[in-house]
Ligand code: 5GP
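Let's start with one chain on its own, the form predicted alone, as structure tokens.
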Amino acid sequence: MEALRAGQRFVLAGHVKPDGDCIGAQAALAGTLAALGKQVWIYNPDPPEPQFDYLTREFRFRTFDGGALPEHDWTVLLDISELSRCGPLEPVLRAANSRKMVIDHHVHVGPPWWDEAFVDVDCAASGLLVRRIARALGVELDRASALGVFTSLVTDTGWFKYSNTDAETLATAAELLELGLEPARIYGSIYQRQSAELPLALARGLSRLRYHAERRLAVIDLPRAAPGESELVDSDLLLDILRSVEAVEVVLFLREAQAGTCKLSARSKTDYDVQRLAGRFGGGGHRKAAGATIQGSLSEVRERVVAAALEGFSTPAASGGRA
């Protein structure tokens, strides 16, 4: 905590395609540090999605497009613990003459490389870690910073329906609402501004559904969209539909990102550890939500990933009760 109190200039960085937890945590920490009189810059390899415009109106999120970063004392990675996940920002951050800090709730594989870390893999969201930090620093959250923490909480807990929702999560949400946040308005911004093409993209994905292991494993492998078809990039709605099937314990969504590269999103409803599964293919995440980028054709990757997933059902942990 003393590092945050003593430092004067901070660059906050996130992962490629920053999600709600990433940018929410960045916003909350930027507001907290600004309240202490610090200079803060937020840099990401990609811009926030349009549904988070209520945050981008409050904070400036810069998209790195080359060049030098401002002189800074500390680089703070939020919602990641690997510089490699920063895309084109990685070499610039690595070369920067600044100390490095990690604020994250994901499992880290390998030796620690940072100077300071606030890591709790049992915490519901990185934004909740920032809330703890603000409290320890004696900073009262303003409404803008509270929006950041709330965004982290609702996106990483599936609006409080995932198993990582705990008493601290709900108590913090109640505390934030006392600052005047409007949950219905935030929900509408995040989840009810989809394109008219989304239902067609979901239908294309669902047409590729196959079950395995007596329907305990649901798998969708989605090729790139053909001319006239809708591309499905955000898989959360699709994954939620599959998880609603009573028999399904594990869901795998494989999307062909480009020729020779596939994206894996994996979710679990039981004690099955999808982070371990994703780790076999160079990915990571949480026990119940993980992903990876895998080289190979869609058919090759599907065969390898499904085979590995089926192996997991033979272990005692994989046959545990419902979460």
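Note that the structure is a prediction, hence the values are computed from the model and not measured. Numbers follow the displayed sequence, beginning with 1.
Absent from the display: the form predicted together with guanosine-5'-monophosphate. The rest refers to it.
Enquirer: Of the options Leu298, Leu55, Val40, Ala290, which one has a non-hydrogen atom that comes within 4.5 Å of guanosine-5'-monophosphate in the predicted bound form?
Expert: Looking at Leu298, Leu55, Val40, Ala290 one by one, just Ala290 meets the 4.5 Å heavy-atom criterion.
Enquirer: Of Arg85, Arg216, Arg132, Arg99, which residue is found within 4.5 angstroms of guanosine-5'-monophosphate in the predicted bound form when only non-hydrogen atoms are counted?
Expert: After the contact test, the surviving option is Arg85.
Enquirer: So in the predicted bound form, does Gly284 come within 4.5 Å of guanosine-5'-monophosphate, heavy atom to heavy atom?
Expert: Answer yes; at least one heavy atom of Gly284 falls within 4.5 Å of guanosine-5'-monophosphate in the predicted bound form.
Enquirer: Are any of the heavy atoms in His106 no more than 4.5 Å from a heavy atom of guanosine-5'-monophosphate in the predicted bound form?
Expert: Yes, His106 is a contact residue.
Enquirer: Any of the heavy atoms of Ser265 lying within 4.5 Å of guanosine-5'-monophosphate in the predicted bound form?
Expert: Yes.
Enquirer: Heavy atoms within 4.5 Å of guanosine-5'-monophosphate in the predicted bound form: which stretch among 42-50, 290-298, 24-32, 58-66?
Expert: Of the options given, it is 290-298.
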